[in-house]
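To begin, one chain is listed below as structure tokens, in the form predicted on its own.
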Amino acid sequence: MKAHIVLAHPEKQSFNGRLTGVSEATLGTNGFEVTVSDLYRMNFDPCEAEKHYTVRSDDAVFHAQTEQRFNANNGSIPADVSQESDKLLNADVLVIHFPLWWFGAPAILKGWMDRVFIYGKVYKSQMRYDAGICRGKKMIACITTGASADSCSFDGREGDTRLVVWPLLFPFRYIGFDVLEPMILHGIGGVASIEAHEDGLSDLDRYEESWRDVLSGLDTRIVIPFNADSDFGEDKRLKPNAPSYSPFVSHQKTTLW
């Protein structure tokens, strides 16, 4: 069994970095062959652009999907993308570590997806969702926030973090992964998070233990429900009798403004 870990944080000594070490050690102890991509240390370029392609389908106009598919078909995918996509496709379990910045993932992680989820290799029109190339594989995210759990609750000032996270996880469902319930750790960075309690453990220590337990129980972790391909009609809209699992895909329009 193989596991691949992706870290999207600029500081190796951050709590995200610390948790990445926990992931590597725990998965290794549990029998996984582990690889790690520390995106900032790799200086991974998150910007998809023509400069990455020495072989072009169209030298006059750069269209990302066209060039991705052309290079995938011709065996000329950029080296950094080829290496990262191979790690992704070879893994039975994918673990992503990142902080929530401005209600989204760090740009380097979004750019990693933009480039590594390459058209023609990682997905095609007939190789998505239930038929995704990563079907049968597991993905889990470990996400930190600076705000407290109360601020990030459904009635909190910063909004429900679970709703914020849904669009960040959906791309992994798009390419076929079973997306496990993420671990969301709140209040990171504050003085209170590093102060020891009566048992001698700080909040960070407790988070670390909880995350280690999650990694050791991946087989029983809740899989986030997404609609099956059969839940949609020929018009690509949800069938009247199909289930709805989130406000993002539902039978009623969500009114926001």
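We number the residues from 1 along the sequence you see. Remember, predicted model here, so these are calculated numbers, not experimental data.
There is another form of this protein, the form predicted in complex with a further copy of the same chain, and it is not shown here; the text below is about that form.
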Problem set entry | Residue stretch of 88-96, 109-117, 73-81, 132-140 approaching a further copy of the same chain in the model of the complex, non-hydrogen atom distance within 4.5 Å | 109-117
Exercise. Heavy atoms within 4.5 Å of a further copy of the same chain in the model of the complex: does G187 have any?
Worked result: no
Problem set entry | Contact test in the model of the complex: A25 vs a further copy of the same chain, heavy atoms, 4.5 Å | no
Problem set entry | Contact test in the model of the complex: G17 vs a further copy of the same chain, heavy atoms, 4.5 Å | no
Exercise. Taking heavy atoms and a 4.5 Å cut-off, does I224 contact a further copy of the same chain in the model of the complex?
Worked result: yes
For this session: Note that a further copy of the same chain is not shown here; using its position in the model of the complex, name the residues of 157-176 with a heavy atom within 4.5 Å of it, in sequence order.
Result: R157, E158, G159, D160, R162, L163, V164, W166, P167, F170, P171, Y174, I175
